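Next comes just one chain, in structure tokens: the form predicted alone.
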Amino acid sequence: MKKAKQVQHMISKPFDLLSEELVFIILDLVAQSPSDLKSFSLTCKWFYQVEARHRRSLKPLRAEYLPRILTRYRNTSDLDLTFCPRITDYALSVVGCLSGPTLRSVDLSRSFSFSAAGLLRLAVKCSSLVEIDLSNATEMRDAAAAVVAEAKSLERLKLGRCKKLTDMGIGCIAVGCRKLKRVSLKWCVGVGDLGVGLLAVKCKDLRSLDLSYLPITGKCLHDVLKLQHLEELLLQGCFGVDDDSLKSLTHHCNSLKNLDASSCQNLTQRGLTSLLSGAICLERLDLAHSSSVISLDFASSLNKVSSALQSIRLDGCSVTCDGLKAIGTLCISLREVSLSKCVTVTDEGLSCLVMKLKDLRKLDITCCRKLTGVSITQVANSCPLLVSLKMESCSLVSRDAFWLLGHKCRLLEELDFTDNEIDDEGLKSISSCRSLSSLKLGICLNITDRGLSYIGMSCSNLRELDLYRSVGITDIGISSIAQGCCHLETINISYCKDITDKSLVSLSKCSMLQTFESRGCPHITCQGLAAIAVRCKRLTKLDLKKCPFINDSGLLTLAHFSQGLKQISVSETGVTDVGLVSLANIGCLQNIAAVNTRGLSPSGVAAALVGCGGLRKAKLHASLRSLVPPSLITHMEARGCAFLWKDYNNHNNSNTLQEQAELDPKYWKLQLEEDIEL
């Protein structure tokens, strides 16, 4: 009898049979979905308590929630406050008091309103703090930097765009934070050679140093390149780093693996040779937008790093055929090559390069407009291990070359064929790449539903699909994708004028969908939008601009079902005040665009702005600027919201004709080519 009662008790409380360790394992799997995690924690009181003990990372939506949230989640180690633009000293004091013993990382890169006093409380209370991100603290001065130096255990520090910091503040940090391993000073324009030199002398364990856009010269690099553990050095846009300041540089920085010298306009082959002289283990080199011509002589500066070099980026450079030949011959271990917008690249140069690079994995030849099917055929034949190929606007490449790519490069995972001549047969061949996860087919005017059906049948791992202005696509093609690619996360069908609600109903089966762009699809209505809102619970970005049949009904459905939505555009739709105000029900919403939406009134816009407490960006018509109360705008800006006032006029015939032309892909493509040539 007693045994029967025990069995009955166990059945009535089955969760008591689970150990806390087992529940932690379950939570690790559930944590990827916020809605599932919430449902789990509300199952019973014990699950609610266990979930609180398990969670380590928090990303609050409002600063005013911090006391309650941190009281519940006492084991928080990573605190992301990027959704909270207004963080006061009191808020930082709360963080220090409630999470001090466990907190290891805090992100304040999108926050303001705190001072040195608040940072001091954080640094003193959080003795285990190893990472802090203070990027974009444009008003931060040396006094605050001196306070940061109190965080003695700090290993990772980001100070990007802290433009009022000087060498004195960086010197305080260098003296106080000897354990620093990763530091970013990007755009700290008040910091020069002295501050960087102090950092290099005092912080011997530095692994990564970002000095991009600093007014430094080669003088401080003498100390930087003596760091025995330095693996990454970023010098993007350092115009003071030139040949003369590097001529006496000698170093043996054998640990350096990643060097970014992009946009260093005063650095030529001579200076680069000095910079690379001791970096014999260099694996990644970025020389994008260099002023030098990448010729045979320039390539010779890579001699000492050629054996280990795996990635080189030459975007926007003037590249000669001989230069590419030399790189191919010297750097046979290259796995990644980027030549984006290198307009001088020819078939001969690219062919000679890839013939030598049998292990090439990633190739970017975006906007290399001189290339034809000859070089792409060579790529297909020489690089069977290719996993990523970006070749937007290579419009001279023949259709046969695309067929060969699919036939030869079966390991491809990422393809960008935007503005190319690929057709259905090319897509049929590409569909043999079973690992394909990202496919961009924007402005591909030769593809139809038949080509998409091949992708849908064979590429079940597809996560991203871009069909922007590919007007040959209809509901049939989208249905094929939705049926075969159930893991789809991002799709762009903007200006595919024949798309209707049927496509949206089909796509609603893709429960992982996060980004949906349907700008300029005139046949989409609230019925299709409702299907997406109800079934795609992970939706975060939605573009409905120029969808005239989208109205309040669709937004009311979104407000109820799409609680994770962060960005929405309802410009030039049928939305009125009722629909816009309903969006205030979405706590995560950060960006709203509502330009030329005639149903909106100043009072309705004002009500929506007040209701959307987490708004970071609002794009509105310029005519509303004088009609919305100035005090409200000031209040929103103080809360961290930026306004973009757009003055579009849709009431004259010329604009009507322009809109009609915009929907014609051939006209639009011709206009794009003319703009690029100019």
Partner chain sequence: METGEDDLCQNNWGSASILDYEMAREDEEEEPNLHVFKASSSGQDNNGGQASVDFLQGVKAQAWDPRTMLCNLSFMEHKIHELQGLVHLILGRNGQLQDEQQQLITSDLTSIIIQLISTAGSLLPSVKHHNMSTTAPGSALFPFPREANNLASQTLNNNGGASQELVLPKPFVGESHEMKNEDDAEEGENLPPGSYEIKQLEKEEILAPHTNFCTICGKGFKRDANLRMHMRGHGDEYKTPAALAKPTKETVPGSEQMLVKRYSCPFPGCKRNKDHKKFQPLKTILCVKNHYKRTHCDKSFTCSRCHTKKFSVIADLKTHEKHCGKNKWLCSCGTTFSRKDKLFGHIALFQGHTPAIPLEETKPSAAASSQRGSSGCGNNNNNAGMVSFNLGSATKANQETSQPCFMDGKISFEESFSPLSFDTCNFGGFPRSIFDDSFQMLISSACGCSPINGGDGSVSDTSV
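Positions refer to the first chain, counted from 1. All values derive from a computational prediction rather than experimental measurement.
FYI, the form predicted in complex with the partner chain isn't displayed, but the following is about it.
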**Asked** How about residue 293: is it within 4.5 Å of the partner chain in the model of the complex, going by heavy atoms?
**Response** no
**Request:** Determine whether any heavy atom of residue 147 comes within 4.5 Å of a heavy atom of the partner chain in the model of the complex, and answer yes or no.
**Result:** yes
**Asked** Given that the partner is absent here, does residue 484 sit within 4.5 Å of the partner chain in the model of the complex, heavy atoms only?
**Response** no
**Asked** Does residue 323 reach the partner chain in the model of the complex if we count a contact as any heavy atom within 4.5 Å?
**Response** no
**Asked** Out of 207, 257, 362, 202, which one falls within 4.5 Å of the partner chain in the model of the complex, going by heavy atoms?
**Response** 202
**Request:** Report the residue, out of 347, 167, 577, 423, that has at least one non-hydrogen atom within 4.5 angstroms of the partner chain in the model of the complex.
**Result:** 167
**Message:** Contact check in the model of the complex: 416, 472 and 498 versus the partner chain, with a cutoff of 4.5 Å between any heavy atoms. Do all three pass?
**Reply:** no
**Complete:** Within 4.5 Å of the partner chain in the model of the complex by heavy atoms, the stretch out of 515-523, 453-461, 194-202, 475-483 is 194-202
**Prompt:** What residues, if any, in 74-108 have a non-hydrogen atom within 4.5 angstroms of the partner chain in the model of the complex?
**Reply:** 86, 88, 89, 90, 93, 94, 97
